[in-house]
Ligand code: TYM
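Only one chain comes next, encoded as structure tokens, the form predicted on its own.
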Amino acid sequence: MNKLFSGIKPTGKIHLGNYLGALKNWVELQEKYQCLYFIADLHALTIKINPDELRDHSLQLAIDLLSLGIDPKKAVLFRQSDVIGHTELAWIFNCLTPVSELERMTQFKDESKKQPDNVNAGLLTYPVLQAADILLYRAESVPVGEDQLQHLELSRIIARKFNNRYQRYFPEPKPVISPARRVMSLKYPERKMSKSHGEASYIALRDDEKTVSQKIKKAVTDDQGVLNLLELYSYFGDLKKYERMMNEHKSGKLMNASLKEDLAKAILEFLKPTQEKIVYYENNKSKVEKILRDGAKEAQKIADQTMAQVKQLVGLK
């Protein structure tokens, strides 16, 4: 079965944008691929993050992924730092990658602007570690949105450089373009939903009923804002009702208060079973830790085989 690899950073709450943009697709891909999903805690070190926060966020993220439907019987779920090989392979790839390739990366420029007092070397070499993450498992496929294609292309370039210098060994991973929805902010409807825009801009997976209702009630309702709320309703609500509300919007008869009330109900209905599972896993954290340990063991088997062969090829063995 085709091997597919993807990861997510433990840098805060999962919100509906994360779910619709990537994680919903992860759950569906489990049925079609041999999936490896990881919590990218090493990548999280490129920002200033408290050690206790990093530990807590990593475990909470694992709980959220399991609650959304990631099945350890179908996919390997693990913490990046629990597997030896990611950073080792990244160093080998660093020695193949021109600095000019890294300096032109859009994400490096964007992240440097966000944290001008912390433009560390990790930000620059971030995509090399990403390439190592993928190629350590010799993954053929990576689910990406359009905005992530540049990083995946660098992974393909690095694989090609290694194969040309030493021996054809790494596959050039192909993108699986996800039917990702670009979910927009409740507060800034012209921008993508993001934690960086503040609590009022997104609905988090763990938000309670009161919080969800208040956030939607306060959502911006200019023309773009209403279209954003309607689009959100199309993902979680009744499609016939959505079509009716779209017609009402076009004719200028849509009541924003009714739209917000219906949207809140639809989102809360979606969140309820997931939040019940979150409560279960929060009360059984040892079970979650075991899933992560077992996943790391499975991932380590593949990583060990890759690194043994890579070291032989580059002359380290």
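Keep in mind it's a predicted model, so treat the numbers as computed, not measured. Superpose the two forms; the largest set of C-alphas matching within 1.5 Å is the rigid core. Throughout, we count residues from 1 along the sequence that is shown.
Not on display, but discussed next: the form predicted together with the named molecule.
Participant: Please name which of the stretches 239-247, 211-219, 124-132, 164-172 has residues with heavy atoms lying within 4.5 Å of the named molecule in the predicted bound form.
Facilitator: Checking each option against the 4.5 Å cut-off leaves 124-132.
Participant: Does Val314 reach the named molecule in the predicted bound form if we count a contact as any heavy atom within 4.5 Å?
Facilitator: So Val314 does not count as contacting the named molecule.
Participant: Taking any heavy atom pair closer than or equal to 4.5 Å as contact, tell me whether Arg182 reaches the named molecule in the predicted bound form.
Facilitator: Yes, Arg182 is a contact residue.
Participant: Could you confirm whether His43 comes within 4.5 Å of the named molecule in the predicted bound form, counting heavy atoms only?
Facilitator: The answer is yes: His43 has a heavy atom within 4.5 Å of the named molecule.
Participant: Would you please decide whether Ser234 lies within 4.5 angstroms of the named molecule in the predicted bound form, comparing each non-hydrogen atom pair?
Facilitator: Taking the distances in the predicted bound form, the answer for Ser234 is no, it never comes within 4.5 Å of the named molecule.
Participant: Between the options Asn94, Asn120, Ser81, Gln148, which residue brings a heavy atom to within 4.5 Å of the named molecule in the predicted bound form?
Facilitator: It is Gln148 that has a heavy atom within 4.5 Å of the partner.
Participant: Here the chain is shown alone; which of Leu77, Val142, Leu186, Ala90 has a heavy atom within 4.5 Å of the named molecule in the predicted bound form?
Facilitator: Of the candidates Leu77, Val142, Leu186, Ala90, Val142 is the one lying within 4.5 Å of the named molecule in the predicted bound form.
Participant: Considering only 183-216, what residues come within 4.5 Å of the named molecule in the predicted bound form, judged by heavy atoms?
Facilitator: Those in contact are Val183, Lys192, Met193.
Participant: Aligning on the rigid core, do we see the C-alpha of Pro189 shift 2 angstroms or more between the shown form and the other one?
Facilitator: Shift of 2 Å or more: no.
Participant: Verify the C-alpha shift of Gly237 between the shown form and the other one: is it 2 Å or more after superposing the core?
Facilitator: False for Gly237: its C-alpha shift is below 2 Å.
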